[in-house]
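What follows is a single chain, given as structure tokens, in the form predicted alone.
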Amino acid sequence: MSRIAELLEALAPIGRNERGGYDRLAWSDADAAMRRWFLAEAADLGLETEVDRNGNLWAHGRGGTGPRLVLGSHLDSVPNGGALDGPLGVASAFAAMRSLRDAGEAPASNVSVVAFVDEEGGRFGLACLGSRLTTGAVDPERARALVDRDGVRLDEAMRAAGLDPDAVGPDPGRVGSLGAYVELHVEQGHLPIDGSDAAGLAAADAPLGVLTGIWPHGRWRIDVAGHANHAGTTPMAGRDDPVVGAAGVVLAARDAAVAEGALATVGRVEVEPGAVNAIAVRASLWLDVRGADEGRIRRVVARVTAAAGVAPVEESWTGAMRFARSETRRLAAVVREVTGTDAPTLPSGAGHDAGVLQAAGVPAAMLAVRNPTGISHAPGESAAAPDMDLGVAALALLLRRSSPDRVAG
């Protein structure tokens, strides 16, 4: 069994639920177990470990100076998520470093591995929270006040985990020390390959691909008000039921996305008071819209607004982003050497910490490992062991060629 397979097997029991998926929400018991695994694996590799002010985990090569090459991803999941989204990127970084050590080599001392906290936003609703806080892309006060579905605030959850929530916020010194960031990730969906009719790495018969950038995307909350009343005594014609209105919003979102060539999802709905025998007083739903350009996304939201009759509250927005051409070329070169063929290039429809860092001025690149199903954020997420091994080999080659001079250049 390869090292990456061993690492993923060790993680497999953590947060596994009865549906076959994973619940590794930020600052949960499962998340704590994943974090302990990170620290133990880093220590076994002889790396210096650190938990920064925002709760992100770091493992550093000893004695390094100058700009750092950072590999990594995240360890948390969405509710009932897949096994690979996030952990594959962290485990592959450790596996690449171990492969060099087993070969009698050592990665450059200016190399680090990171696991950003709460990338999915599955608990507190704001994605890429750890990297956003670190780069100053989100206000610390807003972050501390985020509340999960059980009414627990983020600052309370962090304090219970032994961290100081009053310390969260921008870390310009750390961001300034990063020379480049490379994230390996399982392929998500089957998006169009650049310059090809193929959709996805499986169709392109390629084990690895290089991501060129991230589509713009945003999240909106829509609150539909109604009039509370008894389910058994209120005539159908006299009801003001917000759930019916919410259903119309969901259908309008789908129709608008199809018309505009975008992607729209309502993956969360909350109804108050939530009693089976009562007409609700309010229904809140969260709309996620993504697409190849901002114009079509805004048109989808405008159509949904008209259908809802209320203005959605924009909870997050991330514009279109392209990864650093210099780092993307370097990544493509090592993939070519490892696989013997040119790596397909394709966009990402999903947000990533790499995008947050790139927006903050840190040169970033991403490597995708073929996912035959294309499924992500669900138990069907998959990647074949030989493809994952090639991803590790590509990272190892990147590390082998790393030096302070190369990273600075």
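The numbering used is simple: start at 1 and walk along the sequence shown. Here the structure is a predicted model, which means the values were calculated and not measured.
One more form of this protein, predicted together with another copy of the chain, exists but is not displayed; see below.
- Distance criterion of 4.5 Å from any heavy atom to another copy of the chain in the predicted bound form singles out I375 from the list L47, L39, I375, A359.
- Proximity to another copy of the chain in the predicted bound form, defined as a heavy atom within 4.5 Å, singles out one entry of G319, G176, G267, G309, which is G267.
- In the predicted bound form, another copy of the chain lies within 4.5 Å of some heavy atom of P273.
- Residue contact check for R144: none of its heavy atoms lie within 4.5 Å of another copy of the chain in the predicted bound form.
- Although the partner is absent here, I279 lies within 4.5 Å of another copy of the chain in the predicted bound form, judged by heavy atoms.
- In the predicted bound form, another copy of the chain sits beyond 4.5 Å of every heavy atom of T135.
- For another copy of the chain in the predicted bound form, the listed stretch (326 to 334, 164 to 172, 96 to 104, 238 to 246) containing residues with heavy atoms inside 4.5 Å is 238 to 246.
- Proximity to another copy of the chain in the predicted bound form holds for all of R149, D288 and G349, with the criterion being a heavy atom within 4.5 Å.
- Looking at 1 to 26, the one residue that comes within 4.5 Å of another copy of the chain in the predicted bound form, counting any heavy atom, is R19.
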